[in-house]
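One chain comes next, on its own, written as structure tokens: the form predicted on its own.
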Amino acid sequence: MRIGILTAGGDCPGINAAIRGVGKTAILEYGMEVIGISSGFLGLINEEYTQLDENLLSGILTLGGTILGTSRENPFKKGNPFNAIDKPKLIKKHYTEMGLDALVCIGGNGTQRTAAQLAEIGLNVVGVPKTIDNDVWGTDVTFGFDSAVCIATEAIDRLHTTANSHKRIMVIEVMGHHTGWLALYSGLAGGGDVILVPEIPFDINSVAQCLKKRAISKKPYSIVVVAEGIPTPKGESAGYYVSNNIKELTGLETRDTILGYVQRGGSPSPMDRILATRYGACAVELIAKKQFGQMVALRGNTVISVPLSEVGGKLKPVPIDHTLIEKAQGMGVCFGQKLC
């Protein structure tokens, strides 16, 4: 068999580990040919690819980014009057011309939705979920998440010392456009006093009241962890909005830090290397069994597969009754609700 691999959407730690997991399993265990497609779905449109062998796959396990490159190209996107090319049709044509028997699509929500659409038009597709946001439906964990939690937690740890030195409130904004998994996990791991996530409506007055109570109780400083996707007035960053309002409502010295793209860069954590490798190997096993139109997923500690048709276009939000939220509230962590 001849299989293609592409990586699409935002980069995150562990992609190269997944490419290696796919490639080495395909070559060594199944004797397959492996084709690396450049720049996500754009590489299929432009027919840009290279054959991957063991040498090219060696030494990439620990590397951040993606050796194949990535893009946010969505071949099914409508509404561009200057785009007269039927991209899905072109992709199908190039898939056939390249002699591919299957295609592995490594990516987040948008990538899995596109993979599902490609499966609908007749391509043999298997999806591998990655994102630091951990918001892909159908899997307990995406690779990239653990690395981002480690990075965000280290940043929060460092803010504790400067906050304590100056007796300040420190607001840190972490990634998470639509879901608060990263804010929740890093906030708890880093000892955040307030954690704001998109899934839980917050009252900025309640946040201010909570922080004033801490100051009155002789707590010398506070840490506020904010997901970037919490609702704010148009154009304002979450961190800036929360920091500004805390300053005005409490009169306490407040600083904001936006962690930004550093959360997506660098070497993957050991857990992400293992998870990405397991996902890559499982994707090849599905191909060998001709079980296409599936996405690999983790349930408990078992790697399974779920239909791409069920995954595409869905998000996995943090449940508001999540056990971590319950336990955190029991220890005095504020999530911004009224009467906090």
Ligand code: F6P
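Note that the coordinates shown come from a computational prediction; the quantities given were computed from them, not determined experimentally. One-based numbering along the sequence shown.
FYI, the form predicted together with the named molecule isn't displayed, but the following is about it.
Trainee: With the partner removed from view, which of 112-120, 260-268, 200-208, 239-247 is the stretch that lies within 4.5 Å of the named molecule in the model of the complex, judged by heavy atom distances?
Mentor: Single hit among the candidates: 260-268.
Trainee: Does the named molecule get within 4.5 angstroms of any non-hydrogen atom of I132 in the model of the complex?
Mentor: So I132 counts as contacting the named molecule.
Trainee: Could you tell me if H177 has a non-hydrogen atom within 4.5 Å of the named molecule in the model of the complex?
Mentor: Answer yes; at least one heavy atom of H177 falls within 4.5 Å of the named molecule in the model of the complex.
Trainee: Using a 4.5 angstroms cut-off on non-hydrogen atoms, would H166 count as touching the named molecule in the model of the complex?
Mentor: No, no contact at 4.5 Å.
Trainee: So, in the model of the complex, is D256 in contact with the named molecule at a 4.5 angstroms heavy atom limit?
Mentor: Contact check for D256: no, nothing within 4.5 Å of the named molecule in the model of the complex.
Trainee: Would you mind picking the one in K87, K219, R72, K77 that has a heavy atom within 4.5 Å of the named molecule in the model of the complex?
Mentor: None of the other options qualify; the answer is R72.
Trainee: Which residues within 222-240 place at least one heavy atom within 4.5 Å of the named molecule in the model of the complex?
Mentor: Read in sequence order, the lone residue that approaches the named molecule (within 4.5 Å, in the model of the complex) is E228.
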